[in-house]
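Read on for two forms of one protein chain; each stands alone as structure tokens, with the labels structure 1 and structure 2.
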Structure 1
């Protein structure tokens, strides 16, 4: 049996409507190989399958349909990898409910490279996003792959950080491989595909559904060596990823937040229950055997030469985006005095405006 034919059988296995993962797992236990399952007689199958399930199963055995599907995948530059394929990621093989097949656009993570999953709230604030992209960028610089879920907020920031540092980044979807969800991230999707890869266990045109995302999170946890949570509420989807990661024995890192900050409650309680508190990339690198060379701070104020008034303005800014009114109040400058300083600092790329007239420092 040649490889192409084998691929078709596996693709059939993954595109069977009305027959669940567990049923297929059980059938595969009986028949060993999808081809044998495909060729099984109806009378034999009736021992295992009953009623509707059986008719659905029989209906799905249509090789023409599978061949057409394969062509469509090829047209959209999607690779299909099944469990026994040599490119199928090893880290997924260990998963108890590993997908029978996965769809990939772009490249898979280089073999042997370490990888970190950076996850967090979709509705993160400037702090959560800045920190996510900072870690992504710095870890990418060390050759670590950044994995995330291509959602809004922290996920997007993490991917962007890795892309900025020209590192490998993998986005794992909770919907069909060709569906861009959320739509606003279309340009990010293209960038991630170009500079890394996109992976999904769902085939073409599977719409995003709430139930699929926790399943996607188990893949994120499985593909990564460690999971970093930058900002998460008490009840957040990111914590599902962490739970999955703990079951799979991954390292859990968490960025602390202020107490009483609803957006960081999840992170803080992770730290309480034993996740490693991280304040910089070295806290992660150390864990993975990098030797710490120099004490490095995220923000190094003393390195930058600024005149007095600029220093004063720079010193009141932090990770969190501050509205110009607050800056006026804290520095005591007038609008007319303050703005030239802010624009000067922005042009020197020391600070940035995530939103108009909100300023935060660049990290």
Structure 2
């Protein structure tokens, strides 16, 4: 049996309607290879499958349909990898419920490279997104792959940070490999595919459903060496990824948040439960054996030359955007004194306006 024929049988196995993962796993235990299962007689199969399941199974045995599906995947630049394929990620093989096959656009992470999953709230505020982008960018600069779920909020910020650093980033979907969800992330979807890769255990046109995302989270955890939560509510879906990671023996990192902030409750709770508190990339790198040669902190811009008034304005800004009246109050400057400084710092790309008259640092 050549490689292409083997791919077809595995693709058939992954596209049977009405036959679940556990049933397929049981059948593979009996027949060892999808081709043997495909060729099994109905009288044999009736020992394992009954009623509607048997009917659905027999109906699925249409190799012309599978060949057409393979052609459609190829036209959309989608690669199908089954469990026994040499390029199937080893990190997924160890899962108890490892996908029988996965669909990939772009490239998988380089073999042997460290990777981190950066996850958090879909409704993350400017601070949460800035922190996610910062960690993604700085870790990418160290050659670490950034993994996330291409959702709103923290996920998007993490992918963007890795892209800004020209690093590798992997988006793992809870829907079909050809579906961008949310639709607003279409340009990011394309950028992630171009600079890294997109992975799903679901084939073409599988719509996003609530029940698929917790299943997706186990793949995010499996593909990463560690999981970083930058901002999350107490009952955040991101904590499902953490739970999966703990079961798989992954390192868990969490960025502390403000007391009483609903978007920080999940992060603070993780730290109380034993997650490593991180305030900069070296907290993660040291955990992984990097030798710390230079102390690095978030917002450490010692190489920036600023005059005194610029230093004063810059020093009161952080990740979280401040309204101009607050900056005036904290610096004691007049509007006439402050505005030229803000314009200068913005032109030098040291600060930015996420919305009119609100300023934060660029990190």
Partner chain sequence: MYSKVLSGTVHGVDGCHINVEADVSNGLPVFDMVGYLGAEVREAKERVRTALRNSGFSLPARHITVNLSPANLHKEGSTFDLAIAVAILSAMEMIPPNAVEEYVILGELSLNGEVRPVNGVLPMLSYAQKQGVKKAIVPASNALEGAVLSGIEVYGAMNLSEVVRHLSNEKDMEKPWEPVRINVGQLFTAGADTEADFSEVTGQTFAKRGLEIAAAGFHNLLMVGPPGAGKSMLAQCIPSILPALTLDESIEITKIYSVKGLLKEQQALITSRPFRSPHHTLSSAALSGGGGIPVPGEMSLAHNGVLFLDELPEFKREALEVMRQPLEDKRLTLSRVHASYTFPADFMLVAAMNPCPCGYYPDRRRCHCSESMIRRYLTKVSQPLLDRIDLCVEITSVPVEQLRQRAREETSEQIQKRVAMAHERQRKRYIKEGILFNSQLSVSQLERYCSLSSEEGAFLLDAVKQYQFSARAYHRILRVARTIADLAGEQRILKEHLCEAIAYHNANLKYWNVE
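Definition used throughout: the rigid core is the maximal C-alpha set that superposes within 1.5 Å between two forms. In this text the structure is predicted, and so the values were computed from the model without any measurement. Positions refer to the first chain, counted from 1.
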{"item": "Pair member which, unlike the other, is the form predicted in complex with the partner chain", "value": "1"}
{"item": "Post core alignment: residue 335 C-alpha displaced by 2 Å or more between structure 1 and structure 2", "value": "yes"}
{"item": "Rigid core superposition, residue 62 Cα moves 2 angstroms or more between structure 1 and structure 2", "value": "no"}
{"item": "Between structure 1 and structure 2, how far the Cα of residue 324 shifts once the core is aligned, in Å", "value": "3.3"}
